[in-house]
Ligand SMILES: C[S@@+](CC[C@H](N)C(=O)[O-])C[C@H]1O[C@@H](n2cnc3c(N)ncnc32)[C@H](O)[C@@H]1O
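One chain comes next, on its own, written out as C-alpha cells in the form predicted alone.
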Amino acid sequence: MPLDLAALRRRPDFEAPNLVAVDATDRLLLDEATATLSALGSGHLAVIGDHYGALTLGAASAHGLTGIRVFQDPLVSELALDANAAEVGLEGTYAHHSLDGALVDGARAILLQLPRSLAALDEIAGLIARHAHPEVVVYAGGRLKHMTTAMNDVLREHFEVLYAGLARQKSRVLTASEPVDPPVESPWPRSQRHDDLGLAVAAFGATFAGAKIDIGTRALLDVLPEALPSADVIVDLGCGSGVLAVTAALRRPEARVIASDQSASAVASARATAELNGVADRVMVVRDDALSSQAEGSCDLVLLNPPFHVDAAVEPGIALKLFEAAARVLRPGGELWTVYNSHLKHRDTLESVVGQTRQVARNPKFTVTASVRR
C-alpha cells in the first residue's frame, strides 16, 4: 500500500495550521520522476533538501528503493525524517550524509527541493556535476513564487540540458542532465575580508548573508564590548557564519566560546571562519537544535540574532524557542544579548522568559537588548 504523504508531520519543527509537512512540490517531484525512479536500482538515488521526509519516504515506499542518500541542511528536518520513517516503518531505507562527494558519488537520479539562495543552488549543482554518474538526471522542484530564471542560469552552468516542466498547483520542476565536461571547480567556501572589523568571514552557499555581515549582526557587534565583560563561557546561538563567536574569541582570549546552529552549512561556515581568524582551537562549533546538547546553567553570556520566519511565514515562535533555550543554559545572573527588528515586540517576551531586560541600543531598523537571567 503506497505511503499516505498526508500522514507525515513536521515535528520537532514548528507545527501550525499554516505550516505543512508535505507540499505540492513534493508531490510533483515524485510524479515527474516516477519513470526514472521505477527503473532505478537501490543505492543510486540521492535526495537533497527534503523538508520533512516526503521525497525520501515517498520514493522508498512507491518504488521499493533502499540505500537512498539524503542531505538536509536543517537538523530539525533530519529529526523529522527519522520520526516519520519510524512511524511508517521505513527506517532502513536511507542514510544521512553531509553535502559532499559521498552524497552523490555515482548517483543516477537526484531529487532536489530548490533552495531559495542561488549560492546554495550553485554549490549543490556543482557538487552533483562533479561527482554523480555522467548520466545523472536531476529533478529540481520549487514553488513558483520562489523560483526565478536566475535558477535556470545557475543550473545551465553545470548541465548541458535543462528542461522546465509544466506548472501544477503553483509548483514547477526543472529537469537537468548531462553534466558539463570538464566540471566547474568548486569555489566553496567563499571568503571576504572585513578590514573595519579586523575579521575574515568564510561561508558555504546556504549560510545566511554569505561572507558578508548583515546589519543586525553589526548592530550587536557595536555593543559587544559592553556585554558582560566577566563572562567565562559565551554562546553564539544561531551562529550563521560565526561572526559573533569569532569576534568574541578574538576580543576575549580567556573566554570559552561555543558557536551553535542547526544548519549544516552554517556550522561548516563557522568552523571555516574560526580557522581563517586563527581561533579554531578556542571556538567549539556544534550543530544543535536550540542548544539541546548544552547543560542547564552552563554559560554566562548568550549572543542572539534570531530569525523571525519559518519557511515563508512570519512565525514568532521561532524566536520564543531560542529565548527559552538561552534561559535554560544561562546561569542565574547570566545575560542574553539580543538584536531584532525594532518593530517586533520581543522585549515583553524576553522579560517573561529570561528576566529583567533593558534596551542597550536602538535605531529605526534594529534594537539591541540585554536580559538578565533571573
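Just so you know, these numbers come straight off a predicted model, no measurement behind them. Heads up: residue numbers just count along the shown sequence, starting at 1.
The protein also exists as the form predicted together with the ligand; that form is not presented, and the subsequent description refers to it.
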- Query: residue 240: heavy atom within 4.5 Å of the ligand in the predicted complex?
  - Reply: yes
Taking heavy atoms and a 4.5 Å cut-off, does residue 305 contact the ligand in the predicted complex? yes
Open item on the list: Whether residue 62 contacts the ligand in the predicted complex should be assessed with a 4.5 Å heavy atom distance threshold; does it?
Closed with: no
message = Would you classify residue 208 as touching the ligand in the predicted complex, given a 4.5 Å non-hydrogen atom cut-off?
response = yes
Partner-free chain; cross-checking the ligand in the predicted complex, the single residue of 290, 299, 85, 227 with a heavy atom within 4.5 Å is 290
Students should find that, of 244, 138, 173, 257, the residue having a non-hydrogen atom no more than 4.5 angstroms from the ligand in the predicted complex is 244
Only one of 93-101, 259-267, 246-254, 179-187 sits within 4.5 Å of the ligand in the predicted complex by heavy atom distance, namely 259-267
